[in-house]
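Just the one chain here, laid out as structure tokens, in the form predicted alone.
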């Protein structure tokens, strides 16, 4: 279908509406609450209006994003950027605006697609909840914040939306605030993310100090240079700073160290994308309603860290533009540790949502590892494919929870394939895709990362291959335990309504075909990677990476994944292997290590309760009782003593007062004379 070029250009230049509409809806619902009273939220008409407005806003964003994709696919020159001055002081200014290029368009489609299906699904999942309209308000604000982050033109603006995403996630994770577990989970997520965000802020300040004179009068900390502007992009400013010596290429504890700056900025993605060692908030975020679990864990909040690393990639590269940098090596190591750590923890979890949460953590590690080993396009490709099948899996878990009368323990499920056929088949598709089953979307994106990692460092490559086997095992452990065998629940299970399973069916389509359509070309796949695939050509169109197929690595990875599936089948369906039962019953150290999530919660709890909080309490007492109290009491004592002395100078005699004035004038004159540099 051919569209009018002027229409496509207008769609690109009006991309700000994609961000504005969810914000308007979210604030509109909240203002209605404030001015209409709490009883308004109980009215059926208001709930329906809130739901329709929220869904229409994100549906608009979805179709608008699709038109933008078509515009940039047909003509990359349609990329558009517009900036407005936010703060100006002499020659320094900070700007806000919106940037629409190929990378942003990819994320716009992912966020709006997942958000649209989540909001439709929410109507079925939350319709009996008294906070129904309020939940839609939070969803809209969350979606708008993430979309604003995606189209940000510079690091300053991205940091602002980054914090908005964190605040909205706090509201959504703690939506059922009257539950102690939910209140603790949202606080934990907020505090842990503040640690990473502080490091991120320090890195941004270092970037500003090192490059403030090299933006050519354009947007400061801009990701891309604006057409018709004398300014430069991030890569250009870094290059100028390195040449001028305000930025140093070596790792050191100095504000001018480029690797240190990159690692500090990476602190934000470590927390937001739940990377080791700031991953502990993610599983507890399951205390929020399932729709927000799908939204946070599939395409929005946790993907923000991946997007930041990709968008600010020049900061992580070596000074010569290569991928052999300290910063990228750090990213690769952190991603690899996260991938294997979360996979080992997921193997022993029995809460259906927590298994998927740890799975998300592991897959995010895969994406980070991909970016770290230089597989830029592959890391983002896995973000894209993962968003669809992981959203489908989370929404499927919500359907299972509703169908089993709010039961989340997989040991009390089983046999649901016949009871919940729509949920079962879509869950199976998602499980196959994330396991790397041949020709499903996850197979294309994950194995590109593994192949690149193997060429970068065989140790990282083999760890990721082993993680692929673990992923296949624990995901099919989940599927077989929930959907095969005999039902073990206390209440009769049932299939959910179409408003809940239809989004699953829709998400199953990209979960099957997205990888093949974008990652499969004759040149890129059959001829050993002599040309970039369709995904790389679009996302990195200026100079696409050629991340071709390594048939040996692909074959080994696929065999390992299929082995994990077979092992889970023999253990949980045929039951010819009984190691799992003996391991659980023996409660050995390896099982406890996995079940207790590598004891990170215990470690951090001990650090906070026995280290940080007592130190803070003692410091506060010392500052308050020893320093502040003594300063206040001392000032009072000095004032009182001075008054006692000076009261004797009030004699009522004019000659005495004149003499005192003359003495002070003489004293001050003498002091000024002595202190004067010209004396």
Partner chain sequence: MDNALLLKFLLFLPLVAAIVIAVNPSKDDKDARGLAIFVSSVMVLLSLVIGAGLEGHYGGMQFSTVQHWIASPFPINFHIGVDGLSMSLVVLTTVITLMAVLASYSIKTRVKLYYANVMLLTFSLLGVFVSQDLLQFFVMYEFELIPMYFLIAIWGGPRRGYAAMKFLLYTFFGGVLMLAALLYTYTQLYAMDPAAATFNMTQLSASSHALPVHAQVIACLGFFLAFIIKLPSVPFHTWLPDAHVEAPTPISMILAGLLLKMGSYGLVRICMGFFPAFFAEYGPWVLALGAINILWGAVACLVQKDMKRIIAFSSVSHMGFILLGIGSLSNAAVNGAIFQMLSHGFISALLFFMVGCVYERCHTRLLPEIGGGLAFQMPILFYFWMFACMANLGLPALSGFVGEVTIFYGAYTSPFATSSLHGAWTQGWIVAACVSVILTAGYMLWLLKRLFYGPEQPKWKGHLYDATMTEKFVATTLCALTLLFGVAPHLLTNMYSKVGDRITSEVLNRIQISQTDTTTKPNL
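Positions refer to the first chain, counted from 1. Rigid core (definition): largest C-alpha set, two forms, superposition within 1.5 Å. This structure is a prediction, so every number in the text was calculated from the model and none was measured.
Omitted from view is the form predicted in complex with the partner chain, to which the following refers.
Heavy atoms within 4.5 Å of the partner chain in the predicted complex map, among the stretches 178 to 186, 102 to 110, 391 to 399, 232 to 240, onto 178 to 186 alone. Screening 167, 603, 573, 505 for any heavy atom within 4.5 Å of the partner chain in the predicted complex leaves a single hit, 167.
The listed set 123, 134, 311, 248 contains one residue whose heavy atoms approach the partner chain in the predicted complex to within 4.5 Å, identified as 134.
Shown alone here, residue 206 lies within 4.5 Å of the partner chain in the predicted complex, counting heavy atoms only.
Put simply, residue 616 is close to the partner chain in the predicted complex: some heavy atom of it is within 4.5 Å. The shortest heavy atom separation between residue 201 and the partner chain in the predicted complex is within 4.5 Å. Proximity of residue 623 to the partner chain in the predicted complex falls within the 4.5 Å heavy atom cutoff. In sequence order, 156, 159, 160, 163, 164, 167, 170, 171 are the residues of 149 to 172 having a heavy atom within 4.5 Å of the partner chain in the predicted complex; the partner itself is omitted from this view. Shown in the overlay between this form and the one not shown, fitted on the rigid core, is a CA shift at residue 66 smaller than 2 Å.
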